[in-house]
Every structure is written in C-alpha cells, then in structure tokens.
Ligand code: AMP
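Before any questions on how it binds or moves, here is one chain, the form predicted alone, in structure tokens.
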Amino acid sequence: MQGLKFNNQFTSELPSDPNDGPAERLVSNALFARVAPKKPTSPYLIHYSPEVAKKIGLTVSECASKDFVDLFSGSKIMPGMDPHATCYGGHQFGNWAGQLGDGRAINLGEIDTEEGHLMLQLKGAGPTPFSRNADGFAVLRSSLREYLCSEAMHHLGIRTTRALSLVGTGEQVMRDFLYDGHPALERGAVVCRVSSSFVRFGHFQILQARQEIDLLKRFTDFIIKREYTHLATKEKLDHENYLAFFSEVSERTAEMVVNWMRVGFVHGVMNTDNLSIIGETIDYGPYGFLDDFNPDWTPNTTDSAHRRYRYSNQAGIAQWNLMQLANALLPLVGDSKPFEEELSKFAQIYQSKWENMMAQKLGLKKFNESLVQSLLTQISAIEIDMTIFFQRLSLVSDADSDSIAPLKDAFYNQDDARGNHGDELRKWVKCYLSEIRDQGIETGKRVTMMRETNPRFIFRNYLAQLAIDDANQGDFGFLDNLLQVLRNPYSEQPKSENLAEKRPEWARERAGCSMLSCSS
C-alpha cells in the first residue's frame, strides 16, 4: 500500500485517554482513546470503489491484494496508522444521552492526498470504550446499505462520507433485526468509510456538558484550522472566528438537507451525534428514500410513534440540532444573541435554497409558491412515486390530449389517475404549463434543467433489500450492477430501466423495504 502516507494530526495534536484498549469506560479530558480493531476469522473482499481507491492513492492491483483485505478488515495495522475511537455525546430523539462515542467505528488514521487530508475509518471492526455493552461489530445487511448509499449519494451530488470497501469477516454476528425479541445470527462485515473528518456536533457537546472549556476551545481551534482553514484568519482565534465557523456549519447543513429533500432522502436518525461538523451526510442507519410522496414517512421503526425524523421535519430538526451546537459553543463567545441571529438566518437560508431547488425541479426560472404548494398538497394526498413523477413531469406539454398521460406510470393506483385526483392534477398541469409560458422558458432548457435536478435512478429501499438477499447467499453480482447504475443517476440507462421502476407490491410492507430498525 505504497500510496498511503499517514499524517495523524488529530491524534498528535489532541489529548487521548491515558488508557488504551476496548474496556468500556467514561473518557474525560480527552477526545479519543487508542484501540485496535479485532482481527476477523477469515476476511474476504466483497466489493470496493475504484473511485475512492484512486482518491486515496491505491492502484487496482493493490485493491486486489490480500494486504488490502487484511488492512480494511482490521486484520492488519500498517506502519503510520494510529487506530482510535473518538469520544462524543449527543441528544438522541431530543433527549440528552451523555457520553456516546464511536461504539463500532475505529479510525485507522489520516492520510495526505492531492486533494487534502482524509481519515480512514472502519465500521464494524470490534468493540471500543464507547460500545455501551454492545459488541462493536456490524452485519452484512447494514454494511451493504451504508457502502452503496454513501456512494449513491455522492453521485446524486450530495455531500457525504464515502465508502472505500465492503469486506466480509467470515464470522456470524447476533442481531435482533426487528427488535421483537427474536435475535438471529447474521453474516458480519466491515465498511471502510472515508472523509476529511468524522467529527459531529456531539464532540463539542460532550466537552461543554462536562465543563471542559479549555479543551473545548483547543478542540474548536483545531477543527477550524483543520477543516475551515479560510476562517482561521488570526494567530489566536476569538469569538469572531467561532461565530463565522458556526455560520458556515449552519449553511452547509442547510445545503445538505435541501439536497436530501430534492431526492426524497430521509436520514431516519438525525440525533446530534449523527450530524457532521463539515456538512456531510453521515451514519447511514435506518435511512430510506421516499417511494410515494409521503411527507410524514420515517424509515426508522424506533421513530414510528412520534415521527420526529420524518421527511417533512428534517429542516426543523437540523435547526434544533444547530441550536444544541450553539449552546456547546456559547462558552467561547459569551453572548447568545449572535447565535440566535445565526439560527434565524438558517431558516432564511434554508427557505431560499429550498425554493430555488423546487423551482429547478419544475424547470422554472422563478419559484412560484402557490404552484408548488398546490402540487405538494396534491401528490401527498395520493400514492404517487416521487422520483418517477418529477422525471416524467419534464415530458408534459400542451400537445398531449391527456395532460397527465406522461405521469401515469408514477401512480401506484391507476384509479387515482382516472378519478377526482387525476382531474385536479390535470388542472395543475394546465397552470404549470401556463407558468412556463409566462416565464418565457424554452422547452429544451426546461427539460435539461429538470433532468439535471431530478434523478432517474435512486437507491430504492427494495433494491437495497434485493442486493442484501443475494449477498447473504454469497452472490454479489446484483450489488456490482446496482452500483454501476447508481454512479450515473441522472442518465438514461436503457439496459437498466428495471432499476428505475417504482416499488413493487411485494415490498410494500416487507421489513427492510418499508421501515428499518437501528439494528446493525
């Protein structure tokens, strides 16, 4: 692995726990604890991303080697690595949970690349001091979902952690998939995740909660200089730098959530420990993509009663989480008013970005509130596939004898297209086409804008389950084919049109296709 050059600034510049190893414990006055991955029995390569491999400086031959499997399964530690798990806290479902930390994630170390530094992290490589009575391992089911979705999200144009590899461990892991008291053994796996930083809001929260203010300042200074270098304008950082930092985190978070909304992505567990300080989508647990446009849908069984993390609530939760980050940074500034102003600005920034995004989804130059709200109300009242609807909307024209003819494939129940709902949608299409004319939009430009904004292919929940079913039988062909398609989500791919179809009836209520637990 000649291309991997380690430069571990996180562990060399920040304090560690004096004790090494995975023994469960509270860690104070430290950002991390050194811990080695647990060697799996018989690791084997399931898949890797050539793009990410190239990004970190690995060749095709290196990725096909035993060393690659050993390295990214946790079997081997190469010179320069500094394996560790980090300490953070967080609010889970709105309640302060205290110390959480990397319970099954072990950072191997940071490498320098042509594009900047990147942290390599193994998820599912064994227990850490933060495992909270869990085993620290992960199953193939959840690991495959993380591997594929992080790469799919990148190609959808959404900031995200990346995935280098998916490696089977050759071991069995006990999990209660549905949390119904019936645990079973599943295949184990490890994902190597890649990002410049895996720091979350919760890293700052735990330091403030424990009143480790000197360390909070030291850590915040480090993150600004490391991840927001352009904001480190002074030798000694002060409240202006911290407010500028918070402002940019807020804007990146707004941009990320707007893009989630654009493609119908629902994170499912937007706890403060699952929001990235650099505005990347992180921790693909019980996530999902909307099939029919249901603003109240959440993929998380744990959230099924209150639906805190439902699709329509993601912006509000992002702002709430930012408020918790502001509370954590408050000791560095001493005045809450600037944070309150920034939180108000978040709502304005999000709304502006969302309106611009919705205009682009409709191929409009300018956002039309009444037109958009009327549409969202209509498509949430009936079962219409969100992805197919917006793709096909680019095809409607005055020339159609039936104005909604291009949209009919998006209906889960064709009776809706023929009844009152269909009539209301026809009225809307008429208003929409009138708005296009009023805004002076050329057909070609409208179609191009809409196809660049509305994906043809998304990582549908039932497709994930099909890939899991095959993988559990040792067949990874569908996984490979699916990833190839998801790398070009906005393009027509005639040979793979079956992967753009709406959810089949068999997947409506099946576990893994409709809702998921946090079990992984």
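We number the residues from 1 along the sequence you see. Because the structure is predicted, anything quoted here is derived from the model rather than measured.
Note that the form predicted in complex with the named molecule isn't included here; everything after this is about it.
*Asks:* How about Ala134: is it within 4.5 Å of the named molecule in the predicted complex, going by heavy atoms?
*Replies:* Yes.
*Asks:* With the cut-off set at 4.5 Å between non-hydrogen atoms, does Phe389 touch the named molecule in the predicted complex?
*Replies:* Phe389 lies outside the contact set for the named molecule.
*Asks:* Examine Asp283 and determine whether its closest non-hydrogen atom to the named molecule in the predicted complex is within 4.5 angstroms.
*Replies:* Close contact exists here: in the predicted complex, Asp283 approaches the named molecule to within 4.5 Å, heavy atoms only.
*Asks:* Contact between Gln92 and the named molecule in the predicted complex at 4.5 Å, heavy atoms?
*Replies:* Yes, Gln92 is a contact residue.
*Asks:* Which single stretch, out of 136-144, 225-233, 106-114, 411-419, brings residue heavy atoms within 4.5 Å of the named molecule in the predicted complex?
*Replies:* The contacting stretch here is 136-144.
*Asks:* Though the named molecule is not shown, can you say which of Leu100, Leu343, Ile379, Ala244 has a heavy atom within 4.5 Å of it in the predicted complex?
*Replies:* In short, Leu100.
*Asks:* Sort through Val333, Ala318, Ala359, Val269 and report the residue having a heavy atom within 4.5 Å of the named molecule in the predicted complex.
*Replies:* Spelling it out, the residue with a heavy atom inside the cut-off is Val269.
*Asks:* Does each of Tyr88, Arg175 and Asn274 have at least one heavy atom within 4.5 Å of the named molecule in the predicted complex?
*Replies:* Checking in the predicted complex: Tyr88, Arg175 and Asn274 are all within 4.5 Å of the named molecule.
*Asks:* Taking the named molecule in the predicted complex, which residues of 435-463 have any heavy atom within 4.5 Å of it?
*Replies:* Stretch hits: zero.
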